[in-house]
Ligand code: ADP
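The chain that follows stands alone, in the form predicted alone, written as structure tokens.
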């Protein structure tokens, strides 16, 4: 692969690093930079396929456009290093990214979707990338860390077929992926490969959003007759056998093929053809599963508190609407020691006919525990309350100054159940286990 000015911009120069270090200020590590970037992205979806040629990239691009049409802020990271197709699908083939020594600005497609892809760095469509694993890992990390993604509702990651370096790299680099979306065609040769992608996801503890069966039959535009070119139902059967959700089937649609070649997926989705209708239905299911959190397993249960009396600080149900509550988490449970937590689970309070319910918003990897950082960091994310096991008095004071209420003494159990108990007015607060 030949060099290019754009790719040279991706690396900070030694002189720039020396100048930064000379200031005497704390220079965040690469991991800190990465985590801070990703913390501004609410939802991350990894699109996988066990086999090439199943339309995985077109599904990823179509999902991104559908999300943008619904008012979500969305971007696509194309990590298919050797065969990047997202720029073509989203109508930005031939465009180039811009940036500085320290950052990269993604290209925005006509549909309003931000894009980062190796295809935006190559000199031409016939330029080959001949890289081994470590180089691919490095550039994927740089895409995640150095691209100015901004505040996003969704980042869709389009990966190459299989379970190799690229999807493994993303799964390791992005903490808190909302889930893997698996694309297959109906025939057995494809569904067998997707089984391996399901196994890959389970080994890496990636939640599985579900399976989409693409190219599921062809509906003749003239007579309406359906022909099962590659068979039908294979994706649904495989999903049932593997005990994962089946999100629906998308038929072969010549108009979708034309839209992908022309980079104009948006007009296709608005056209109302059988393929467009099927696609938007599947996209709606994906969005519902991600934003409701229904795909995430809740295996942990709260310890039995029979005979417990309500917390002295509560009086019946808590004021719900407008509450945005953060819980420090380690190993899936509330972290007894606030300063040692691995991540924060954030919930909003939603008023329903049956009362106020805790609705999962997102799980974010905790930033570095530097003095005064966490109150500002959580405040930026709209948090107005923290429920913790233990927290020092100085930290509580800093949260109070940031306008964030703190409740300590909660048991180390399931975060959502803790928040729901608080909203119901039944949360029992014990001793502050970390008052120093």
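Bear in mind the structure is a predicted one, so any value in this text is a computation, not a measurement. Residue numbers count along the first chain shown, from 1.
The protein also exists as the form predicted in complex with this ligand; that form is not presented, and the subsequent description refers to it.
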property	result
Proximity to this ligand in the predicted complex, single hit among 382, 372, 52, 392 (heavy atom within 4.5 Å)	52
One residue of 167, 251, 186, 328 in contact with this ligand, assessed in the predicted complex (non-hydrogen atom, 4.5 angstroms)	251
Residue 396, heavy atom within 4.5 angstroms of this ligand in the predicted complex	no
Heavy atom of residue 215 within 4.5 Å of this ligand in the predicted complex	yes
Close approach of residue 347 to this ligand in the predicted complex, 4.5 Å, heavy atom	no
Any non-hydrogen atom of residue 256 within 4.5 angstroms of this ligand in the predicted complex	yes
In the predicted complex, segment of 256-264, 203-211, 90-98, 140-148 with a heavy atom within 4.5 Å of this ligand	256-264
